[in-house]
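Starting off, we have a lone chain in the form predicted on its own, written out as structure tokens.
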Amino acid sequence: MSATDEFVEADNAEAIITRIEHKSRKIESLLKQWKPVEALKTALEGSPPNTRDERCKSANWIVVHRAIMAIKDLDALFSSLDPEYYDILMKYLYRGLSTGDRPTCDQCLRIHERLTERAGLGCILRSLADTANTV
């Protein structure tokens, strides 16, 4: 099986977007309950979408971005975030930095600093080297 066979075809993109919309509703509910760390975990689950379709990636970024921007307590974030999420979170932080939006960049840099302290430089290298699973 080639690397391109592993990705979902464009005709299944609607199904992926439907799952992302469901995830978005769940995240909004968690944010209304003042559970931003749980919202971020939920946003990172199943990410990045297994597709090359930019609509899906953009829809998922919007969901993750919403959760990232709601994080206020970084100690609470890293005390409850499982290490399995570190690499994917780093990828989304770099996507956030690429937007050039000042509040997004500020928040991403705050989290990036703490994530690098926690996960080490390997997390950065894995995120940058993995070009197959882009966010």
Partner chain sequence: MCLQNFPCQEVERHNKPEVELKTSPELLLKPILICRNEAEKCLIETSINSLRISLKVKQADELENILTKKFLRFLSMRAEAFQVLRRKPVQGYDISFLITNYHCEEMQKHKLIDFIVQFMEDIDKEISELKMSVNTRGRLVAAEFLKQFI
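Positions refer to the first chain, counted from 1. As the structure is a prediction and not an experimental result, all values here were calculated from the model.
Although it is not shown, the form predicted together with the partner chain is what the next lines describe.
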Is G100 one of the residues lying within 4.5 Å of the partner chain in the predicted complex, judged by heavy atom distances? yes
Give a yes or no for C105: in the predicted complex, does one of its heavy atoms lie within 4.5 Å of a heavy atom belonging to the partner chain? yes
Contact of S127 with the partner chain in the predicted complex (heavy atom, 4.5 Å): yes
With the partner removed from view, which of 92-100, 61-69, 22-30, 37-45 is the stretch that lies within 4.5 Å of the partner chain in the predicted complex, judged by heavy atom distances? 92-100
